[in-house]
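Only one chain comes next, encoded as structure tokens, the form predicted alone.
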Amino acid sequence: MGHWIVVPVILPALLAPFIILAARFDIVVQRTLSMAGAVALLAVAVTLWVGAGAGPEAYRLGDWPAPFGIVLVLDHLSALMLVLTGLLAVAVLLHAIDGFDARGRHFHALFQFQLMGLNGAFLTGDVFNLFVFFEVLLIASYGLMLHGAQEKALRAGVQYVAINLAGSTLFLFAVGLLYGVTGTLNMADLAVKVPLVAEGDRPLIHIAGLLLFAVFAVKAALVPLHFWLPGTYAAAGPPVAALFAIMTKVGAYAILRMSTLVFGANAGGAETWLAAPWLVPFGLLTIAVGAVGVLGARRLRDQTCFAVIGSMGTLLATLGLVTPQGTLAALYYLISSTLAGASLFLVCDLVERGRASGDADTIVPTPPFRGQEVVAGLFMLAAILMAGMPPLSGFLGKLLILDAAATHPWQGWIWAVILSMSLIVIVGFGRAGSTVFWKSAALPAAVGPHRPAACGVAAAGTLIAAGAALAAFAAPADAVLSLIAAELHTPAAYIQAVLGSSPTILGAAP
């Protein structure tokens, strides 16, 4: 794919300052440029996805050979995450241009910087540059979270900044340990050198791996490191929270990439599948915390936040299976849960805009607003997608997970927790939907000031339709995700594409 690989990073990096310098006083021009950039990024992502069929490909910035230079790597997994990010970006922007973007300054520039950080994190083949792109997307997320913010968002923002600064510090410690022991931070080179580390230095590698896992677990909101997410996402504007639905997946992506490439089957000793013993039990605990939160929430946004936490628990517990089948199921569920979480946040905003200002998105019956039937339908479909009910992709995702866990030692716990907590989530969403929409319909007068905007309905509908399409085309999706899982568990092609020669150690499926 040549220079196309760097476009998802370069395009938003150039567009963001251009918006600030040339269009900061004209919101219409900002919207036009930002939407054009998002659509272009989605088109480039699809192009890269098609090009990834030829196998992993490395892009060496400055033409410095790995492991000495900065390298971006395109494979099926990174291309998949680029397409998902591009689709989410277009939908969120479509919703935001209805007026949310005008509540503060520089929304569109920050949005583009956020996309730059996300795309860079998915493409980078270097641990230090993963840290750099983490910081780019986090700095942009600070500004987006406070866009049009009130006092509650400011308080949540302080907590969000503090926990991420602590995570960044741990990340640097881990990077320093890895480099000190192996002399490299290139992921492919680490995959070759970690198994060769002297026995006396292996405890340092073990500590570095656990520190990285802790940092990624914070990003992925794994219990007990999840406490920042409910307040942060609930305080952010709903379109921002919808974009943030992909941010937790960055943590899951990093765990998956490092677990299969560096700390996988060939790592040797205690470093083999280093994160796996932690992912299943803590993932199941995260599912339970999320489900209880969904049931007890008093606002739709709070409910969605806890649903996101529960979905991350399901995803991370599945990654802990460390089998190609488990990875396939995790990837399918990753796509479905991202679409579900983002669409629910957008529907929350439609409810809040339609209701009288004092009611916001609280789960109480209020007089119906104009267009409530449409919003109620979107909420029902998004809730079905998130809870894992048929016929949408959330149901198939959980079936794949249960099937993948059939031979795992924790099978009984996995089945019991996922099935029981799914029932609790269904009850929670059912209670919220009946209270907000059905009981409200029995009240006498329509008092909502606005009919739901067509662009807002279209944005949420697009994400839900994508979830339905994922279910309708489950067979081809299964074939594609099987290919990705096989690539991850047999990383020889990735290593060779980056290092440019046959590596000493080639990954093999467990």
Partner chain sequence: MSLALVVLLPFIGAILPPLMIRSGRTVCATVTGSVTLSSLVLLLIHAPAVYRGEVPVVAYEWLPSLGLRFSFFADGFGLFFAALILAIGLLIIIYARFYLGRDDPMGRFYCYLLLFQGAMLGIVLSDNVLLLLIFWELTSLSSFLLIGYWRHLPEGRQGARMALAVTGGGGLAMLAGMLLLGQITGSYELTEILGQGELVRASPLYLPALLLILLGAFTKSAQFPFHFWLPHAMAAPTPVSAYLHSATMVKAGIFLLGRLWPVLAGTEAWFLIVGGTGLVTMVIAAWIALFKDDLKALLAFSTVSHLGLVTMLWGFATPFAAVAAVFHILNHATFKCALFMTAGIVDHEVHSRDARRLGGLLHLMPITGTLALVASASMAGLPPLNGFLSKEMMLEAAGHARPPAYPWLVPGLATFGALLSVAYSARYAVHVFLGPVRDDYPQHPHDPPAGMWLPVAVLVALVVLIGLFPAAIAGPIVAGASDAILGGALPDYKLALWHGITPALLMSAVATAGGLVLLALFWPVRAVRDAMPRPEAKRIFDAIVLGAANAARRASYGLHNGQLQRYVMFFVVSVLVLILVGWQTGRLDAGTREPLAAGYLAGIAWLLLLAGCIGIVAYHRQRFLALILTSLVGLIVSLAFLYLSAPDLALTQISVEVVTTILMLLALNFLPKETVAESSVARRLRDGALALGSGAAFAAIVHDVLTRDFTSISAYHLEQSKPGGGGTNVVNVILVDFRGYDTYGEIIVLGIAGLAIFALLDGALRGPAARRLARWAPDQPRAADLHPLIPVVATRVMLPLALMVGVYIFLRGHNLPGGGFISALVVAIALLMQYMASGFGWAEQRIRFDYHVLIGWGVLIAGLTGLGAWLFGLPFLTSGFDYFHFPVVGEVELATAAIFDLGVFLTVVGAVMVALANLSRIARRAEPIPVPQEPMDYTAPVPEPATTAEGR
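Positions refer to the first chain, counted from 1. What you are looking at is a predicted structure, and each value in this text was computed from that prediction instead of being measured.
The form predicted in complex with the partner chain is left out here; the points below concern that form.
Although the partner is absent here, Pro17 lies within 4.5 Å of the partner chain in the predicted complex, judged by heavy atoms. When the partner chain is considered in the predicted complex, Trp410 lies well away from it, no heavy atom lying within 4.5 Å. The partner chain in the predicted complex is not approached by Gly268, whose heavy atoms all lie more than 4.5 angstroms from it.
In the predicted complex, the partner chain stays beyond 4.5 Å of every heavy atom belonging to Ala465. Between the options Ala276, Val90, Met380, Val83, the residue in contact with the partner chain in the predicted complex by a heavy atom within 4.5 angstroms is Met380. Contact with the partner chain in the predicted complex, defined as a heavy atom within 4.5 Å, holds for exactly one of Val73, Val289, Val351, Met187, namely Val289. Figure note: of the listed segments 73 to 81, 428 to 436, 337 to 345, 258 to 266, the one touching the partner chain in the predicted complex, with heavy atoms no more than 4.5 Å away, is 428 to 436. If you take 316 to 354 and check each residue for a heavy atom within 4.5 Å of the partner chain in the predicted complex, you get Gln325, Leu328, in sequence order.
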